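Two forms, one protein chain; C-alpha cells for each follow separately as structure 1 and structure 2.
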Structure 1
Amino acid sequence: MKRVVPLVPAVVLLGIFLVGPVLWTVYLSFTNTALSGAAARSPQFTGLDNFARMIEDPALLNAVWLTVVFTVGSAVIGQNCLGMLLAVLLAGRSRLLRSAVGGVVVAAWVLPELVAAFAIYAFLNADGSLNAVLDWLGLPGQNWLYTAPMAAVVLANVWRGTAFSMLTYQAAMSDVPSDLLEAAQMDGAGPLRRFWHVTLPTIRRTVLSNLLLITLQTIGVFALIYVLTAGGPGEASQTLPLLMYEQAFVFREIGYGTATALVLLLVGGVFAAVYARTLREELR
C-alpha cells in the first residue's frame, strides 16, 4: 500500500478538478440552476426537462451542425490534408527550405490562441490585408467575418492548427524504412504510387491517432471563434462551445447550458475513448 502513496496528490487533484466537474455536469444538467434569481438560490431537480427542451431547440441543432462543419472542414480535411501535403513536399528538401516553410507554419501554431485570432481578425476584416490584396488584383472585397463567418473560422483554424499535423506526419515519415521506398522506386512506382502504397500504409496508425487528436482539439475551440465572430452574425457561426457559453453566462441558465456541455462532453468522451484504445499497446 505504501507504494501507491506518491499517487495520492495527483489523484486528489484530478478527483476534485476533473472527475468532480464531470459528475457535476451530469447532476446540473438535470436541474434548472440559474446564475441569478430564485432558481439560483434553490435550484429544482427537473428530470429530463432540459433534454426535452434541447431536442426541440433549433439553436442546438444549428450548433451541432456547425460544430460538425467546423471540425470536419478545419481539422479532418483542412489541417490533416494540408499537414500531410506539407510533410510530403518538405521531405528530402534542403534544410533551408524545410526550416523556412516549416518555421512559418509552426509560428502560427506557437502563438497563443488569442493572438492568432487577432492576426486573422485583422487579415479578414473589411479594412484588412486580404481585401487590400483583392483590391490590388482588381477584385471586389467584402467583410469576410460578416458575409462568410463559417468559412472565416474554418480558415482561421486551418491556419492555426496545420503545424500539429505537419509535425506529426514528418516524425512518422522519418520512420518509414527507406529500403521499402527504394524497392518500390526500382519497380517503377512514381512518387504518388510510392506515397499511396508504401508511405500511407506504414503510417496509418499515426493518421488515425492524429485525426482523433485534432478532432478532440477542434470540437472544444472557443477563443478563436469568440474573437473572430462571437458566434455571429446571428447564430451563423455558433458552434457548441459558443452556444454553451451564451446559454450559461449571457442568458444565465447554468442548468440548460450544462446540458449542452454534456452533449459536447459525451461526443468528446467517445472520441477520447477511441483514442485511448488505439494507444492501448503502450499501456504497460
Structure 2
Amino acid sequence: MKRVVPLVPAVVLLGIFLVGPVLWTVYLSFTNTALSGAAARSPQFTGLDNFARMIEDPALLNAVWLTVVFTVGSAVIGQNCLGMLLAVLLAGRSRLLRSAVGGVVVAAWVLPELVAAFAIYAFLNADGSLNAVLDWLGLPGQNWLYTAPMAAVVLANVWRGTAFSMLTYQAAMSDVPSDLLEAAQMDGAGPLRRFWHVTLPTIRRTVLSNLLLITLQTIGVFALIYVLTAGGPGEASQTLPLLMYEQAFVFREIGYGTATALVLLLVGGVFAAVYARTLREELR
C-alpha cells in the first residue's frame, strides 16, 4: 500500500488530462455535436453514422494516404536517415566542425513550429529565396508550395526535425565499443562495412526507439503544414490533422471531426504497434 499511495496523484492527473479527453472524444464521435445550429444546443447520439459517412468520404481516404506518405517520407526516411548520416559523418571530426554543423541543425529544431514554418514559406514561395537563387543562376522558378506541396512539407519537416535523430544517434554511437571497431578495421573492413556490420547492429534498439518517437510526433504535425499550404492546393497536402481541423472548426461538425481524430489515433496506433512488437523481439 505504501508503494501505491505516492502514485495516486500522478494517476489522477493522467486520468484528468489524458484519459478523460480521449474518452470524451470517443463519445463525441458517436454524436452529431456541432458548433452552431440545433446540434450545438441539443446534440444527439447518432451511433455509427459518422463512421459510415467516413467510409464513403474520398477526402478521408486521401488524408490517410497523405498522412502515411508524410510520415514515412519525413520521419522514417528523411529525419531518421539524414540524422544517422550526419551522426556518422561527424563522428571523430574536430570539435569546431561538430559544433558548427550541430549548431546549424539544432537551430531549426529549437525554433517554434510557427517560426520554422514561416521561414520555410519565405524560402519556397513564388517570391522566395529559392526562386531568387534559381533566377540568379538563369534557371526557371516556380511556386513550389503549389506545384509540389507534399514534397515541400516533407522537406520542411525533415529540415526542422532532423536534429533529434542526429543527437540520438551521436549518443548511441559514442557507446559503441571501440575495440570492436578496431578489430574490424584490423580485419580489413572499411568505414562502410564497419558501420554496417558493427555500429548498426550495436545501436539497432536505439534506431527502433528513435523511429517510434519521431513517427508518433510526425503523424500529429499540424501548424507546419497549415502555414505552408493549409492542406492545398485543393486537398493535395491535407493530412488527417488538417482534415480533422477543417471538419470540426471550419465546417463546425465537431462529431465528424472527432471521428476523424479517432482515425488519426488508429494510424498512430498501427505504427506504434509495429515498432513496439519489433522492439520487444529485439529485447528478448
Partner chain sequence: MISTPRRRVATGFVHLVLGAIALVFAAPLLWLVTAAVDEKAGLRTELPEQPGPANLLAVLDWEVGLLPMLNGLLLAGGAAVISVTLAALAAYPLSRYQLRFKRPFLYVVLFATGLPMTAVMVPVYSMFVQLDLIDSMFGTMLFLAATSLPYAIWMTKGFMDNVPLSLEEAAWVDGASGMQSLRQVVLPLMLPGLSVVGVFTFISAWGNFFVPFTLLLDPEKQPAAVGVFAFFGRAGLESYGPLAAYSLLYTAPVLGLYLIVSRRLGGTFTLAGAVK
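What we label the rigid core is the largest C-alpha set whose atoms superpose within 1.5 Å from one form to the other. Please note that residue numbering is based on structure 1, beginning with 1 at the start of its sequence. As the structure is a prediction and not an experimental result, all values here were calculated from the model.
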item: Of structures 1 and 2, the form predicted together with its partner chain; value: 1
item: Yes/no, P21 Cα shift of 2 Å or more between structures 1 and 2 with rigid core fixed; value: no
item: Yes/no, L262 Cα shift of 2 Å or more between structures 1 and 2 with rigid core fixed; value: no
item: Once the two forms are fitted on their core, CA shift of P9 between structures 1 and 2 in Å; value: 3.8
